[in-house]
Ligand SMILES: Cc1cc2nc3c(=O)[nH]c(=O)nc-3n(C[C@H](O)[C@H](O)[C@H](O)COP(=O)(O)O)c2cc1C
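Given as structure tokens, the chain that follows is alone and in the form predicted on its own.
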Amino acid sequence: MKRKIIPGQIPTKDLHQYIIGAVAPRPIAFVSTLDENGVQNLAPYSFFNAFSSNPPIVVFSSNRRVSDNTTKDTLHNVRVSKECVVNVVPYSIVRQMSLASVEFPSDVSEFDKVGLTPEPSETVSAPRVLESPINMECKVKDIIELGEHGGAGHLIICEVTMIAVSESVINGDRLDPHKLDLMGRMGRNYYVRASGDAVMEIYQSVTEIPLGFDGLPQTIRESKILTGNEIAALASLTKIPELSETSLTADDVKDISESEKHEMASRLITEGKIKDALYLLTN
């Protein structure tokens, strides 16, 4: 049984918690801006993502406060300057990022309050965060107002003009997620750290047509031992493999009961031996 949550029938603050708890984890945009008086502002936003590579576009939302329907300094600053910097948040600065979410007065710089270092940008006037390993300097292309009441968002559409990346988080010409050690936002006061065992690699070609669930034998699809994820790993292959394409021998599949095959296949899938598992289950 599922609980029905109907927007408009529960308080906005409660609906907000259901949304941010369900849409998680979310990347965090640590946005630095500059106001018309030269005050440097810094604030985190987890309604954030990348939406285009050509042109390079990132978007974050600065929502109206539910409590009093006021808007934030970041929104004011990007309206005035049409510029910002989106800085990423690694574990090493997560508490400082959290501290920057406090509603300090507009004439106070969060850089000073949270102990982070502003460094000059190259294509915009807003400063970068020195301690952040990746800084995306941006020109604001558009601001889309989504509503007039508390909780309504303002989509701030930013075109990236330059990305500054610390050499310490690069392997060759690719970012290393383990070295980046990024944080994600969940519901309420919860965060997730994208490093160690939390980071997994799942390869799936999007151009080769796989077997799919419907291309697998019924005994596999209805297995009481294999999980949905394990069956999906088998379904990601493009064909039933031959023995020569596996590391198995003919003796490996002799005199094994069906349940033993499924248990062994589960172990093989865990080890990344997907072809071995599918061959075992189909012979």
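Residues carry their position along the shown sequence, with the first being 1. Everything quoted here is computed from the prediction, not taken from an experiment.
If you look for the form predicted together with this ligand, you will not find it shown, but the lines that follow are about it.
Heavy atoms of S195 never reach within 4.5 Å of this ligand in the predicted bound form, leaving it off the interface. Interface residue remark: R65 is counted as part of the site for this ligand in the predicted bound form, having a heavy atom within 4.5 Å. Although the partner is absent here, K72 lies within 4.5 Å of this ligand in the predicted bound form, judged by heavy atoms. At a distance threshold of 4.5 angstroms between non-hydrogen atoms, V102 is in contact with this ligand in the predicted bound form. Highlighted residues I28, M97 and R185: every one comes within 4.5 Å of this ligand in the predicted bound form, counting any heavy atom. The stretch among 166-174, 134-142, 72-80, 113-121 whose residues place heavy atoms within 4.5 Å of this ligand in the predicted bound form is 72-80. Checking L216, A43, V58, L34 against this ligand in the predicted bound form, a heavy atom within 4.5 Å turns up for just one residue: A43.
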